[in-house]
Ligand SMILES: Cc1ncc(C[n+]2csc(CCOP(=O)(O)OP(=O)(O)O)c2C)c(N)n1
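Quick setup: one chain, the form predicted alone, written in structure tokens, and binding and motion questions come after.
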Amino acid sequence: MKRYAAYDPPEYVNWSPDPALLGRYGKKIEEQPQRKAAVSALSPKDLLALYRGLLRFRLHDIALQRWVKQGVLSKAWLGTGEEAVTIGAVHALRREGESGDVVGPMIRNAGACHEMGMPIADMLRGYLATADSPTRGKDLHVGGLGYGIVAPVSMVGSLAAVMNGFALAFKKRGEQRVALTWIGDGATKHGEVHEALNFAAVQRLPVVFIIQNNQVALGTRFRQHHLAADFYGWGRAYGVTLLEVDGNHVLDVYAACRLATERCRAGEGPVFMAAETFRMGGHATHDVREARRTFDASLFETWGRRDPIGVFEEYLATGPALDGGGESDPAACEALNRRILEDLELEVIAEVDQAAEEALASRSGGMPAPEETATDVYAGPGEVLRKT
């Protein structure tokens, strides 16, 4: 994939594959028979869809960064380096709009929105607060139940209880649907998160909780707020299944989440997933320098080599023919795969650029009218001011 010196983390700009790391990436899929079977069932089309989703997510974030540098936005919250935790999980779901599975992303899981079907232009309009944004200019946290997306909230972790509500409804109605949300390592320290995890466990709800440990909560390092080495013991603590996953390995995340949803549909939920990943920037675009002072440069270098898109791209390029053909010559197969991946990337670049242009065009006479501040809001318990 193309690298952008103005926007990518320094470790990504001159990224090159680490042969040892790439070897371990392939072996990871072989470690557990059930996950291996889930990955083996993926067609070349499925694999390319995962790659497309990862690219969309990275380029969506780059579009936001470009706007910050241009003064269009003051700041943006990014998922750079953590894309696999989102894209792998969402692709394991039944993405069937309002009748399918439901996700509740954090703002750093923005890729869930476009992979669930929301147009990227609408996601970007949310940041611009235009009248035609999903929230009609009221909030940059976008969602839409028509896509199966519950919008994020600033109180990270609060969606855990909300997703329980969806899961409980699915269970009571006898629907084969699953709710899924992500919980950051920092948000695990909120009392409401523990209440939600316990309630889901006791009620055996069809919900998947992904504990997304990106090693830092705002500016607090993981070791400063968590005594245990990881979250792997939390399944035993609540009496539920917990699946450990490599958060930078999109296929591992996909396979584990596919197994998790199958358990939920069989009435064996909830399922926890503990994903280890790393935030390759600041809490938002305004504090990247501060974030880089939080950790040793060697940690950024280590995780930088594990760029979830770069490693997956190399895995695909050096694997079987992505056109579904039977090309047997390794060199010819790799050349073919790289052309396919390059063409796909050009398509996604054009898609995101077009979305950005559409979103910016919405600002021309498309900002909310002052009186809109009183629509779709609540004056008090059960009392709607005005709903249009």
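One-based numbering along the sequence shown. This one's a predicted model, so the numbers in the text were calculated from it and none came from an experiment.
Note that the form predicted in complex with the named molecule isn't included here; everything after this is about it.
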{"query": "In the predicted complex, the residue from 310, 126, 184, 152 that sits within 4.5 Å of the named molecule by heavy atoms", "finding": "184"}
{"query": "One residue of 226, 305, 91, 190 in contact with the named molecule, assessed in the predicted complex (non-hydrogen atom, 4.5 angstroms)", "finding": "190"}
{"query": "Full three-residue contact with the named molecule in the predicted complex, heavy atom 4.5 Å, for 60, 114 and 348", "finding": "no"}
{"query": "Among 216-224, 256-264, 236-244, 202-210, the region lying within 4.5 Å of the named molecule in the predicted complex by heavy atom distance", "finding": "216-224"}
{"query": "Residue 283 within 4.5 Å of the named molecule in the predicted complex, heavy atoms", "finding": "yes"}
{"query": "Contact flag, residue 108 vs the named molecule in the predicted complex, heavy atom cut 4.5 Å", "finding": "yes"}
{"query": "Exercise: residue 156 in contact with the named molecule in the predicted complex, heavy atom 4.5 Å", "finding": "yes"}
